[in-house]
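The chain below stands alone and is given in structure tokens; this is the form predicted on its own.
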Amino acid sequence: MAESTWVILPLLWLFGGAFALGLLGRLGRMRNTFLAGATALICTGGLLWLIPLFALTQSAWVNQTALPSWSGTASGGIQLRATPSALVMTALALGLGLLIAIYSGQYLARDRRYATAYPLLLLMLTGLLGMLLTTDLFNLYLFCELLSIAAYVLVAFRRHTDTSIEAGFKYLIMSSVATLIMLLGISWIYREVGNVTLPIIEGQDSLWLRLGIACFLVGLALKSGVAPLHTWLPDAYGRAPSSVSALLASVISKSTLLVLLRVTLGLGLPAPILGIVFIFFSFLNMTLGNALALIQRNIKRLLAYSSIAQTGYILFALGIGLRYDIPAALNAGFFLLLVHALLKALAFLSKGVCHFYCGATQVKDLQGTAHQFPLVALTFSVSLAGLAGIPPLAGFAAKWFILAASLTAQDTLAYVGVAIFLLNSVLALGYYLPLIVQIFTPPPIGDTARQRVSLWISIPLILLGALTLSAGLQSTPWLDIATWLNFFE
């Protein structure tokens, strides 16, 4: 099979799977477990399609030849290219999609509209994969719209509550504003250069190209939840089903950071300037996210604000790497991105178990979790401790690598950034540690029943927990993967 064919196949496979599951849901009443299993198989198939792409891409980098790519027509159409960073994030998205599909086999059993969730999940993954693989800015816009529309419906999935509808509309409005800003940027770039295929070399100093870069900075920053454009994120993560929140927080919002990096550098924005922008906004994200998380009593909103803070840590590492040309800082930032995806997915899925069986929504409702759900208490506490950066977990290793790389810059801005980074890491302990303590607080007298957790839910928690522990105890393989992410050309 030609190299070009392999690039389009994962997208066609996911889109076809979404269409097939949607058709099955319309034609007959399919069991939730059947749809969950079918979705898991489709995600597994997508992962299998990536195996030859990884081999072809690695061979291309070693032999310094053209990367595997696909074009819709001889003169244009959809332009796709299998870069190392795109393939790593695609594999991460499909892997988490597989685990979330298994988890939903029990978690969505009580929702009457479960049949609509699985096609939307696959469409959301299709849009994300398209964003990561495309080199054409207009198709980036179209894939971004596909992702956003599917995500909007999933955020408002439990439409019997007013708060879910409100969160869905807020996500839709903010996401639409972001894509419209990006579309405006595309028009200005095309006006100046005459094409919208990355990388664009011509006219790097023109006003219209600068305006186009600014539009993509704003639009993709809004999609990523970069402060002060983060206001949609706590409501969306807080009101969506936990399985949806896990995917949004772990891989989708963080993938847009990678897309932002690739697009702006591909449009000719100098890396040191982009580094300064990232460092400045990292301070806002870290400080606002941690400060607002401290006052939250709703568990999912607390986790949402912690995601904003974690985005700040990632931005700081990437900013240092770009500003001072330190590859180790970039590697550390991408390592934290991977680690955060696993830890935050595990946190949201663990919280979802508590809500599914006990209706827990507030921090105080977690009392007695360790007695009722020992496995969930273990996975939840591991994820929270990892996010807090407690050794020897992966979050600590990632933050250590970031700080070590940042200090090599030997610049006042880097030193100030390290101080802010450390202060925010200490501040974050103020909400992570009480949450862990609450999980292990004995239940009230008379409330001692231990409940059995379904295998559909237990398997994803065990696998994610094992991955997070391995990333902390054996970080070298994960750093190697992060190094692949550094090849964002």
Partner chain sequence: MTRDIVFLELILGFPLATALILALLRGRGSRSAGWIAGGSALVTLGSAFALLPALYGGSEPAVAFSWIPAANIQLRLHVDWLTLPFLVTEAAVTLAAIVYSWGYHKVDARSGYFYALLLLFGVGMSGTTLADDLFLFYIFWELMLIASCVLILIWGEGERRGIVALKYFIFTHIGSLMVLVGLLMLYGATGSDSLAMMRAGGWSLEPALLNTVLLLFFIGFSVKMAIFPVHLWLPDTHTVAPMPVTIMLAAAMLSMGTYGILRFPFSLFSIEHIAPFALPLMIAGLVSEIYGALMALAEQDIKRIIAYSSVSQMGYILFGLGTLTRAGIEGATLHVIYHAIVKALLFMVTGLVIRATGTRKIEALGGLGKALPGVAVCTAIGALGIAGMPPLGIFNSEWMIFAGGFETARIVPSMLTLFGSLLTVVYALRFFGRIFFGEQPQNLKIRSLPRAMLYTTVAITVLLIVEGLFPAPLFDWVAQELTLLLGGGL
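Bear in mind that the values here come from a model prediction, so they are computed numbers and not experimental data. Numbering follows the first chain given and starts at 1.
Not pictured, yet referred to below: the form predicted in complex with the partner chain.
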> Which of these stretches, 189-197, 303-311, 397-405, 285-293, has heavy atoms within 4.5 Å of the partner chain in the model of the complex?
Replying inline: 397-405
>> Since the partner isn't included here, can you check whether the partner chain sits close to all of Pro391, Leu429 and Pro442 in the model of the complex (heavy atom within 4.5 Å for each)?
In response: yes
> With the partner chain left out of view, which of Arg158, Arg210, His355, His371 would have a heavy atom within 4.5 Å of it in the model of the complex?
Replying inline: His371
> Considering Leu48, Ile462, Val437, Leu455, which brings a non-hydrogen atom within 4.5 Å of the partner chain in the model of the complex?
Replying inline: Val437
> With a 4.5 Å heavy atom cut-off, would you call Ala20 a contact of the partner chain in the model of the complex?
Replying inline: no
>> Is Ser425 part of the interface with the partner chain in the model of the complex - any heavy atom within 4.5 Å?
In response: yes
> Quick one: does Arg450 come within 4.5 Å of the partner chain in the model of the complex, counting heavy atoms only?
Replying inline: yes
> Do Leu479 and the partner chain share at least one heavy atom pair within 4.5 Å in the model of the complex?
Replying inline: yes
> Of 164-199, which residues get within 4.5 Å of the partner chain in the model of the complex if you count heavy atoms?
Replying inline: none
